[in-house]
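Here's a solo chain for you in structure tokens, the form predicted alone.
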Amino acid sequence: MLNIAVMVSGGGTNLQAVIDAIEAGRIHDARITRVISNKKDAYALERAGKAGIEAVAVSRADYGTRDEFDKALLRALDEAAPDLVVLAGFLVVLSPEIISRYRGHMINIHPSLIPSFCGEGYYGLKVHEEALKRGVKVTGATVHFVDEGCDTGPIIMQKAVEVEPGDTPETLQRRVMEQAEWKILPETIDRIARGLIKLES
């Protein structure tokens, strides 16, 4: 059984896609043991609760220093004893200690075809705003392993999505979620659970 910890900051649509895929049997032999958010009011925590998954908030505001916050995040992860950590819209730069501890066992979903529209400052609607501003005809989503850089880890899976005439950042964001993110994130986790994608030991 693949034990998964999911880290989120907002609504948790990708978390929901994973929950639904596990319940539908599209992800085999895996379970989410804990959802961790850096925001106490994140709707993702409610999604976890509805699915009977333990959910915890580790808020920066509750800690005097960034180091104390980082240590609390690491404790929250370690307590979940995950085989795989999934960053599903987690908008916190992780400490080198956390990345080192879970190297090769941590993946992230990003709403573009890396290396386009990624790196520092590229998250949420900003990614789609920039894609439309640049005039690209194709965008998409990427699942990659996490390393010390921002969206720089080895790419695992990508899926392209066409940009349509009249797209707004909001309509494009929704299509990328529906056609790419919600498909390749569960598929990647399933492949890991079935041993088709190897995690570093």
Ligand code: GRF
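Predicted, not measured: the structure shown is a model, and the values here were computed from it. Residue numbers run from 1 along the displayed sequence.
A second form of this protein, the form predicted in complex with the named molecule, is not displayed here; the remarks below concern that form.
Within this chain, residue 82 is remote from the site of the named molecule in the predicted bound form, having no heavy atom within 4.5 Å. The named molecule in the predicted bound form is approached by residue 109, whose closest heavy atom lies within 4.5 angstroms of it. In the predicted bound form, residue 188 stays away from the named molecule, with no heavy atom inside 4.5 Å. In the predicted bound form, no heavy atom of residue 119 sits within 4.5 Å of the named molecule. The candidate site formed by 89, 124 and 177 is fully in contact with the named molecule in the predicted bound form, as each residue has a non-hydrogen atom within 4.5 angstroms of it. Taking the named molecule as positioned in the predicted bound form, the residues of 166-187 that bring a heavy atom within 4.5 Å of it are, in sequence order, 173, 177, 181.
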